[in-house]
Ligand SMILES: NC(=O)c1ccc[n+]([C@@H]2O[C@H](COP(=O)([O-])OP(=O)(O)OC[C@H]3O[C@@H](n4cnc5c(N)ncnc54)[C@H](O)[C@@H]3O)[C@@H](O)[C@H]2O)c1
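Single chain ahead, by itself, as structure tokens, in the form predicted on its own.
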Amino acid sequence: MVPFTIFCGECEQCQRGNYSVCERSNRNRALADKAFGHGGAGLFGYSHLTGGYAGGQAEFVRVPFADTTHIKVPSTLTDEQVLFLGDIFPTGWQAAVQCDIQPTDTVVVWGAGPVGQFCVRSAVLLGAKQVVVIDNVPERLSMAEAGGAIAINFDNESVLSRLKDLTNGKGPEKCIDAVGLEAHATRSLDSMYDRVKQAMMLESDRAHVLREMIYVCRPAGVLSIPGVYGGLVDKIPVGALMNKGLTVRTGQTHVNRWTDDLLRRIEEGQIDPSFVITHTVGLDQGPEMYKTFRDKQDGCVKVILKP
């Protein structure tokens, strides 16, 4: 199994287990340094700022630092059971671990896509009192409910009111943004504001979820952000963030930090990651299925491609 993070295993960050900020694997490090101050690791299938490496959806893939990045999996498990160790399962798991979940916690996950699904199941495995998921796609919400979550469809009810009811007016202790820069909420003023500024190239990302999390989170709570942001946003309520004493944890996933534990949990039957698969097609159908996933058609949550 090959993770999406490319790391050397030898630099100072790798020695600390911070694989997604490896100091050697990003061949465009100078560009990333200009954009972010200090760049991170090379990543498969991301932008030129993370090395410009092609993705893994092909018959053959070139893997830099192959001796360190590979994850050995037992032959007793199916490909479908171990496939998501390369990205979305560790991503959801890291997002939940960053929350420091306690048995009394309410954990809320914004976004019930593939990563959000693993955030939900990870929070359940880590012992949260209740897990809530927010989305507007019925198939995604049903899948999250099957994993132990309480579902909120933001098209049908007020997120703020429902979260107050579920937490006795105190707000959730832990909030996870599994949406990122492409938030699709359309009814809120801040979403309309973001779309206008984005169209005018005055802002790159839509941060509706991030703003909402800061607002609803209980004071002294934790915001965990596995959702990807790429550039600049404004109108972030920093005053609320600071005065409420919120902790923010984010980052690309340090995949190999978690895989030994997650592989053990799969082998022990604590979780079967293949639950998220809704479509299995050949590689030649990839472009068609990208459109299906993008347009949220045919109950599509996760596609696997078989060369």
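All residue numbers are counted from 1 along the displayed sequence. Because the structure is a prediction, the values reported are computed rather than measured.
FYI, the form predicted together with this ligand isn't displayed, but the following is about it.
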item: Close approach of residue 24 to this ligand in the predicted bound form, 4.5 Å, heavy atom; value: no
item: Residue 134 within 4.5 Å of this ligand in the predicted bound form, heavy atoms; value: yes
item: Proximity of residue 71 to this ligand in the predicted bound form, heavy atoms at 4.5 Å; value: no
item: Residue 209 within 4.5 Å of this ligand in the predicted bound form, heavy atoms; value: yes
item: Contact assignment for this ligand in the predicted bound form, among 258, 65, 46, 275, heavy atom within 4.5 Å; value: 46
item: The unique member of 83, 216, 233, 228 whose heavy atoms fall within 4.5 Å of this ligand in the predicted bound form; value: 228
item: Interface segment, criterion being heavy atoms within 4.5 Å of this ligand in the predicted bound form, picked from 85-93, 99-107, 143-151, 166-174; value: 85-93
item: Sequence-ordered residues of 88-123 touching this ligand in the predicted bound form, heavy atom within 4.5 Å; value: 91, 110, 111, 112, 113, 114, 115, 116
